[in-house]
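Listed next as structure tokens is one chain, alone, in the form predicted alone.
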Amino acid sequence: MIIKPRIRGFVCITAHPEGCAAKVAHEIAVARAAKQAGGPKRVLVIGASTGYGLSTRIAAAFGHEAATFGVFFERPSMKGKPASAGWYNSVAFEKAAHAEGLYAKSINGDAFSNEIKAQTIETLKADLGQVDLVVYSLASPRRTDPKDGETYKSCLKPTEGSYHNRSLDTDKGEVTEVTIEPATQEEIDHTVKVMGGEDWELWMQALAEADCLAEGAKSVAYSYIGPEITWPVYTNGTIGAAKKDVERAAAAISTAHRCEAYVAVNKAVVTQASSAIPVVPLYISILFKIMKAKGTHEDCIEQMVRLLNERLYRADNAAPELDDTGRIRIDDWEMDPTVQAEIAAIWPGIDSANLRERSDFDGYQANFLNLFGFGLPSVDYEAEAEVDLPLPSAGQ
């Protein structure tokens, strides 16, 4: 069938298999170009199908020749309709990895459940024995707690009063104003339940009890801080409360399982998750323009190559450099004072009329479409595309 992008708000409900494969191929080329000796060799990625999780899997496999096992929850093709972008990304990744003789298997299911944890551990014990890196990169709007069976939902709200600021209607390309009312304590607690560190701890406990963690194993989860203009709705909001709990979990995991567990603070990039956060798309559009002009712009894959090559697995075998709260900072180029000063100067005067002049909104839109396999120059979008693609490892 011929597949076109169908966008609803901050989500594209269609995905192009060949476009997703082209995007994965680009990330593989970036990882190959930065190939480095050492590094992880047996990697579990929880949340492996999109964004930073996918890019970490690619960086480990094609930058360090690592065997990788991925866990994700994606929609395969049904009744002739396209699968989700994450499904096509994973199909393309596995095909490329297998073509180079690399171990790559995946499980599609709810990573929060005990069943998926058990299935993952069973396969790891049979195939790899132990893993030396565990990447926790889940970004889900809801979680069913396996202990009580209750489903919790996260929200994007401030916690200290209502928040008003500029935002961006990405559908219309218009700078708007947004006001967000504060979260209730229940909403804060539920967001921590979904996006905090509890499930990361459960994964690491299950892996440790099954003797699936190699001696000297490392684990990393991802976070974001960003500039002060976004703090009320992010760092000091419900999501920020959840990320603080992730930092708590890192310390607990390091103590309980003799595993080096870190939180990596990443740069702002266009992902399905970031597109949903008010204010952030406008900030990203301005940020892209400035960082591209300075030659310091990075997407997910460049960030994850730098994380593995320069922070988690340094050539001199030194421990990662940490900030004063124990986090790895891969957002250092974004948070450069000169970059932030330029954003602060642009922010008050940007409007719908000068949006494209004073920001890289076109680049933002292009990146958004790329997430779903659209807008890639090497793909013929007028040609018929096969949508029913099986996951290669499903038949193994």
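All residue numbers refer to positions in the sequence shown, first residue = 1. All values reported here derive from a predicted model rather than from experimental measurement.
Although it is not shown, the form predicted together with nicotinamide-adenine-dinucleotide (NAD) is what the next lines describe.
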item: nicotinamide-adenine-dinucleotide (NAD) in the predicted bound form: contacting segment from 149-157, 211-219, 265-273, 181-189, heavy atom within 4.5 Å; value: 265-273
item: I58, heavy atom within 4.5 angstroms of nicotinamide-adenine-dinucleotide (NAD) in the predicted bound form; value: no
item: is_contact(Y163, nicotinamide-adenine-dinucleotide (NAD)) in the predicted bound form, heavy atom dist at most 4.5 Å; value: no
item: nicotinamide-adenine-dinucleotide (NAD) contact in the predicted bound form: A252, any heavy atom under 4.5 Å; value: no
item: Close approach of P40 to nicotinamide-adenine-dinucleotide (NAD) in the predicted bound form, 4.5 Å, heavy atom; value: no
item: Non-hydrogen atom within 4.5 angstroms of nicotinamide-adenine-dinucleotide (NAD) in the predicted bound form for each of S49, Y52 and Y224; value: yes
item: In the predicted bound form, the residue from A241, I229, L128, A139 that sits within 4.5 Å of nicotinamide-adenine-dinucleotide (NAD) by heavy atoms; value: A139
item: Among the candidates L282, L308, M195, V91, the residue which, in the predicted bound form, approaches nicotinamide-adenine-dinucleotide (NAD) to within 4.5 Å (heavy atoms); value: M195
item: Contacts with nicotinamide-adenine-dinucleotide (NAD) in the predicted bound form, stretch 105-122 (heavy atom within 4.5 Å); value: G109, D110, A111, F112
